[in-house]
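Have a look below at one chain only, the form predicted on its own, in structure tokens format.
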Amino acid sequence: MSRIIAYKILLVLFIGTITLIGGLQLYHHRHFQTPIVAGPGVTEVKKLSDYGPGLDGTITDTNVFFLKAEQEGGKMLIIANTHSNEPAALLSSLIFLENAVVEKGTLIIIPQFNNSGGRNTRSGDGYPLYFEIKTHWGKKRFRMGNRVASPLDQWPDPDVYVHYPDRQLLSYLDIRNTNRTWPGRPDGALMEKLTYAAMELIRKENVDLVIDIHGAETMFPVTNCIVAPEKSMRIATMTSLTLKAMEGFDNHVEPSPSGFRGLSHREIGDFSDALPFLLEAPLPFLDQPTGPKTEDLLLNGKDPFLLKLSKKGKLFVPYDENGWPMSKRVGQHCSAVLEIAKQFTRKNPEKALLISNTPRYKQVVKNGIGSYFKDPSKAKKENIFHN
């Protein structure tokens, strides 16, 4: 009997140790901070709670960076990490944040839109907790997040999410998906308050263009594209054609569905005067028939199972032994953002938006993402913010 009791005690201690180690890892992940260096173009930093008081004091509140030129012009908002397991969005936004100079107009950047999702993970799917980007001064570490906000911040989930204001029935998880809760409401669930605050920012700041950056599976048809509603379609089409002709990569246009509610590229256009766009770049990491979900797969996009599927014509993007590296995805996003601003300026010269000192596709692929990140140890303290 004493031997059995001893075994039980050892088993309890073993389980307790494993639980403690795992809990500490998740705790450190949730509270890990990545330093961001505000670049030469940043003129003001606000909080999203300045536009939606329901966020004040919550982990969902997040930084909003303004890059305003002396010359008045158009206004563009970049939203990144709506889905925090699509990290090319964050990296692209930081390239603009740390480098861009706005010569005319205003650029507004929210690099960590779903701050709760960025501090969440999918341990059951084997997600790495972090990934690192090489720079000339060392490695810059980032949290790998989840698609939806953490249940630690918004709970419980309903059996069915009833979207406001259309009352369309969506999956219960969509109440924590910040690309399903637009246009939000001030007295709703926390993620609805988040998207409502963003809508208030767009309306109060008279934003002309909103670009929501994402990534999608190679087996998903809506990938490697620009998603746009009717009001944004002309600029999206001209952007796609120009990128193909001038920079050599495909970025086709997909229409925003009018019958599927809660999407940023639908609701922003319907509830404000802004022209919304959603950018998708291929993200092999999110495909299901892959090997282990490693940091290498996330950064390089190389997987033998996807290569076999590509040879059988099962993918919606070209795929070979080179995979889909992060630099290619980020480079596409940078070029698409700059080209949308350029096409808008051509169509609306009285609201010109001129952005310089930001790389395009070929430069990012050639030089690497990390070459555009500033060394926090050499930056002024007042220019460092944490993500």
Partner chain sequence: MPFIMIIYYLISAYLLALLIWNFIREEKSVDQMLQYILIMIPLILRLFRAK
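All of these numbers come straight from a predicted model, not from anything done at the bench. In this text, the rigid core denotes the largest set of C-alpha atoms whose superposition between the two forms falls within 1.5 Å. Numbering follows the first chain given and starts at 1.
One more form of this protein, predicted in complex with its partner chain, exists but is not displayed; see below.
Residue contact check for His386: none of its heavy atoms lie within 4.5 Å of its partner chain in the predicted complex. Contact annotation for Arg30: at least one heavy atom lies within 4.5 Å of its partner chain in the predicted complex. With a 4.5 Å cutoff on heavy atoms, Asp153 counts as touching its partner chain in the predicted complex.
Taking the partner from elsewhere, Lys8 is found to have a heavy atom lying within 4.5 Å of its partner chain in the predicted complex. The candidate site formed by Ile4, Val12 and Ile15 is fully in contact with its partner chain in the predicted complex, as each residue has a non-hydrogen atom within 4.5 angstroms of it. Comment: 22-30 is the region of 41-49, 339-347, 358-366, 22-30 lying near its partner chain in the predicted complex, near meaning a non-hydrogen atom within 4.5 Å. In a rigid-core overlay of the protein, Lys8 has its C-alpha displaced by at least 2 Å between this form and the one not shown.
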